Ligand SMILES: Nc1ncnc2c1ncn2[C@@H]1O[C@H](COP(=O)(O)OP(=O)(O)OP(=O)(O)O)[C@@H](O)[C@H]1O
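The chain below stands alone and is given as structure tokens, in the form predicted on its own.
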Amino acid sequence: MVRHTEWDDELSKDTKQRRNNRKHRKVSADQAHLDNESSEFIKSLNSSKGSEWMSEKKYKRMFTEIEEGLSGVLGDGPFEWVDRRVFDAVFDRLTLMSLYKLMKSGAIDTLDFPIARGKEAHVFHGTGEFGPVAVKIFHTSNAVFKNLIQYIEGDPRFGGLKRRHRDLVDIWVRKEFRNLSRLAKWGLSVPKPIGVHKNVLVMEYLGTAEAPSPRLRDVKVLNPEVVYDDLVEFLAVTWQKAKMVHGDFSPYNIMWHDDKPIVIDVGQSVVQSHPKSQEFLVRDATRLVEWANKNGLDVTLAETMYDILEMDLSHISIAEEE
């Protein structure tokens, strides 16, 4: 017997009206063809291994409500890419439930096409209530987060840590959302966090309508000294003011957007009281120095660390209290 859940009531809202709207909608031949292809795709998902849950009545209703918003990643839009194996791996039952919640809240309207794929997550271009968004969907079916436990243990914000994989994923996603919020409040250049639910994080999108902005490692910077100074200040404000350290400060985790660096992937960022915070800070500074040296700057780790720890930041104030 299926238990009643808090979102079960939401599934029935507006369903009758949606059905009436479909009946009276005038459908072109092209649209009818796309609708038929979508229907066949969904039927194949229902019969595939790992998607049997979609045959349950309440889940089918949920999927019907969000199907249009997922059209881009279902292959109905201009960016056809998803096959059944990818769908099963990324859009499992709990992920679709999280997307449903975020769509109901207005954080997400549509998912359009993938912009990044990694061992921890897939990132999609989407639209939300106020424009384009990046939707980061963390994987729930692998053990990669067990290797990241060092970034969670010792953080007082996440006490009573459970080691079950799904719990680690949910904690990691909430951690990234809170880290983004904390850094943004100090005026630091990070994507604006918009929403979070379970393993799905919604944040500001960096890029054009066609593609995301490149990473720092993939661009030729015309004035590396200015960029270096900006990034040293980022680390200094993060350490002195936000009382945090990034933890993986490499050109892979810095995007080049509107001719300036924007720091991303802050899930591993830790607070100063974390037992490895100083070790992580030295490692972050080392990676910045390596980038600077490769770009022709004569800087050392010692002077970079001095600037991070001693920089005068009296002009920096928090935008709002946490």
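Source: prediction; values computed, not measured. Counting begins at 1, following the sequence as shown.
Only in words, not in the display: the form predicted together with the ligand, which the text now covers.
A residue is said to contact a partner when one of its heavy atoms sits within 4.5 Å of a partner heavy atom; R215 meets this definition for the ligand in the model of the complex. The ligand in the model of the complex comes within 4.5 Å of no heavy atom belonging to L235. When the ligand is considered in the model of the complex, S277 lies well away from it, no heavy atom lying within 4.5 Å. Though the partner is left out of this view, V270 does not reach within 4.5 Å of the ligand in the model of the complex, counting heavy atoms only. Interface residue among A134, M244, V169, L102, judged by heavy atoms within 4.5 Å of the ligand in the model of the complex: A134. Note that among 227 to 235, 201 to 209, 181 to 189, 102 to 110, the stretch whose heavy atoms approach the ligand to within 4.5 Å in the model of the complex is 201 to 209.
Contacts with the ligand in the model of the complex, taken as any heavy atom within 4.5 Å, map within 121 to 135 to A121, V123, A134.
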